[in-house]
Ligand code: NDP
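So this first bit is one chain, no partners, the form predicted alone, shown in structure tokens.
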Amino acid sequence: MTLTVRNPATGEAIETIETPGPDEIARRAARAEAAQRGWAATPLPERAAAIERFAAHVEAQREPLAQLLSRETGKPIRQARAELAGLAPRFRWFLERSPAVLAEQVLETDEASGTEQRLRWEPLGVVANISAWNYPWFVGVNVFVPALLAGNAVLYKPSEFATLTGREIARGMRQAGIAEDVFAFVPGGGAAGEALLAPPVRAVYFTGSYRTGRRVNERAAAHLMRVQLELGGKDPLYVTEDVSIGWAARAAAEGAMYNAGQSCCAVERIYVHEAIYPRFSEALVAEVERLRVGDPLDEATDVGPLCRPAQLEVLEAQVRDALEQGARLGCGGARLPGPGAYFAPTVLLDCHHGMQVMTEESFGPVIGLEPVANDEEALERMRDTHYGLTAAVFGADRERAQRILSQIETGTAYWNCCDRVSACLPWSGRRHSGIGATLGDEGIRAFAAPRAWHLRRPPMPREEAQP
């Protein structure tokens, strides 16, 4: 079996690689199970030292890794470099925080009865990491670094659209001294992911779409496997009437168009207080029209091609549906001519919730705007979704923003910012946006199982107990 990696900017093949079939994947899982016991027995400081070596390797190879990421996924080179540079705080967080989070605890002692209650965090065993293409370094590190620190073996399947980056991650692990069976590289498409969802795998950590995540959950349930899902979003932004319009338009344009809108936490729908709607709309369109679309390896490029060419049809359908229902086209609106999967950065005005662009995930450089009369109407629209990843409010009043955001069911809330992730805070989704959390303390313990120890001192012989 083979997999051909293509450059989305040109459509040309970069490389064709061999991929394992189900039987070979099963053998890799069995070897990982055997290797995991030795890895778990390795003291945490030694496991951490290996991760430090891996981090140093990534830092030393940052530029060639960024170049590869840009060629393979279409991410503009400046943004590819930013992803690699942003790994340092995450490595540091996991390395500094894991010893405390995974430390054994004595919770209760009773000298009179000679009893002790102790809690120990232990590795799960073999875990499968089915990762993403849009941020393969960020999303991968969030999973496989804490998994390895906790003593697990990892079967790592990068997205087929980020296969070469995934291979470089595996090579870096080898150079850091982490055995191939402890961190096993499993390239391939959907069939490879399916093959991972069987014993001896004890847990699966998947990042991708809601539809695929639901299938992963159903398949894993047959084995009572632990499941963690980081899925999509239809993340709303509300712009209040007291905002600085120029600043808010620039921030909203970046939040919607960064990485060509291919982010689970990208701004996907904007509600604007009617008092400033005309001025904000005009400012946003101007900001989006300033974005430069082009070759991802060009330093000046702001928006590259879509990583998956099939998404072009989704965006075309959303734009067509909105225009047929009365939306106005602020800018963009179509795929660009020539080679590559390029779609013009698009702003749709006067939208409403009967339109797909306001209710279905776009995952591309398309954003819809709707005017609202007040906070109550904005809140009603923001809550009208099956997703629950992030929500944002731009405005001068923090208390007002927090009051609105606290009534929306999301894992993350933003005031005057968006499209942000911090290593010290859990990254989680609700409803169709996922199950479980990465990052923060929760993202470390996600890869460990608690064992409760009830310990009791044996009674002394009667003659020894006498004074």
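Not measured: the values here are computed from a predicted model. Residue numbers run from 1 along the displayed sequence.
Form predicted in complex with this ligand: not shown, discussed below.
Visitor: How about Gln117 - does it come within 4.5 Å of this ligand in the model of the complex, if we only consider non-hydrogen atoms?
Guide: No.
Visitor: How about Ser98: is it within 4.5 Å of this ligand in the model of the complex, going by heavy atoms?
Guide: Result no; Ser98 lies far from this ligand in the model of the complex.
Visitor: Answer with yes or no whether Glu160 is in contact with this ligand in the model of the complex, where contact means some heavy atom within 4.5 Å.
Guide: Glu160: yes, in contact with this ligand in the model of the complex.
Visitor: Contact between Trp133 and this ligand in the model of the complex at 4.5 Å, heavy atoms?
Guide: Yes - in the model of the complex, heavy atoms of Trp133 and this ligand come within 4.5 Å of each other.
Visitor: Given that this ligand is left out here, which of Asn374, Gln175, Ser209, Gln325 has a heavy atom within 4.5 Å of it in the model of the complex?
Guide: Contact residue from the list: Ser209.
Visitor: Counting non-hydrogen atoms within 4.5 angstroms of this ligand in the model of the complex, say which of Gly232, Pro345, Gly304, Pro146 makes the cut.
Guide: Contact with this ligand in the model of the complex is made by Gly232 alone.
Visitor: Could you tell me which stretch in 277-285, 79-87, 350-358, 212-220 has residues with non-hydrogen atoms within 4.5 Å of this ligand in the model of the complex?
Guide: Correct option: 212-220.
Visitor: Taking heavy atoms and a 4.5 Å limit, what residues of 307-325 are near this ligand in the model of the complex?
Guide: Going through 307-325 in order - heavy atoms within 4.5 Å of this ligand in the model of the complex - there is one hit, Arg308.
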